[in-house]
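First comes one chain, alone, set out as structure tokens in the form predicted on its own.
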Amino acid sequence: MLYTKSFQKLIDVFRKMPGVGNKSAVRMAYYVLSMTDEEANDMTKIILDAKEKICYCKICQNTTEQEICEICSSSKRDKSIICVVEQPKDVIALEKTGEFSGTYHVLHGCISPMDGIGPEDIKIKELLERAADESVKEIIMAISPNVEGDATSMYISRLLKPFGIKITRIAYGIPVGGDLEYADQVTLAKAIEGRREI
């Protein structure tokens, strides 16, 4: 056995975090051990405080510390457009562009039967409740272009059809500054498919 039981438990906790491999988990565990008792207590308090205070917005399901998040409560946002994303981090990415003035809906995942995630496990029901509001005119699907993302987008689109709402999807294709010769076939195909008039 390389590590003590307590140290191995600490490594295992860090390994559960997304994107953290064994080496990173070991480094983090050693870092925690090098902390003073005061620093470790502060870190524990910050984690518990975040868990206690952060919740999901009653409307869009994004993370917030109020019942309704700043975006949903803002009078400057266009409530007739809802951009559907997978995770709260996607809201941040889109907000950084400064180009979107509508509201969001966070699904908290995608449909993935292989992982045991069905439609009832993500926030689709809450989106349908919002779509029933006659003021909603457009829903933008901004979900990752992978098998799970495409399946989720198609499933939601079918459910939304009876509402008579315009359903769009963000464009995919060649990144700005990218060279065609380095793009893969799927990206090129999506770029041609999503072309628009100039």
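Residue indices: 1-based, along the sequence shown. Note that the coordinates shown come from a computational prediction; the quantities given were computed from them, not determined experimentally.
What follows is about the form predicted in complex with another copy of the chain, which we do not show.
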> Which of these stretches, 60-68, 131-139, 144-152, 166-174, has heavy atoms within 4.5 Å of another copy of the chain in the predicted complex?
Replying inline: 60-68
> Is the gap between residue 159 and another copy of the chain in the predicted complex 4.5 Å or less for some heavy atom pair?
Replying inline: no
>> Is residue 186 part of the interface with another copy of the chain in the predicted complex - any heavy atom within 4.5 Å?
In response: no
> With the partner left out of view, is residue 96 within 4.5 angstroms of another copy of the chain in the predicted complex by any non-hydrogen atom?
Replying inline: yes
>> Whether residue 92 contacts another copy of the chain in the predicted complex should be assessed with a 4.5 Å heavy atom distance threshold; does it?
In response: yes
>> Using a 4.5 Å cut-off on any heavy atom, which residues of 4-33 would contact another copy of the chain in the predicted complex?
In response: 4, 5, 6, 7, 9, 10, 13, 14, 16, 17, 18, 19, 20, 27, 28, 30, 31, 32, 33
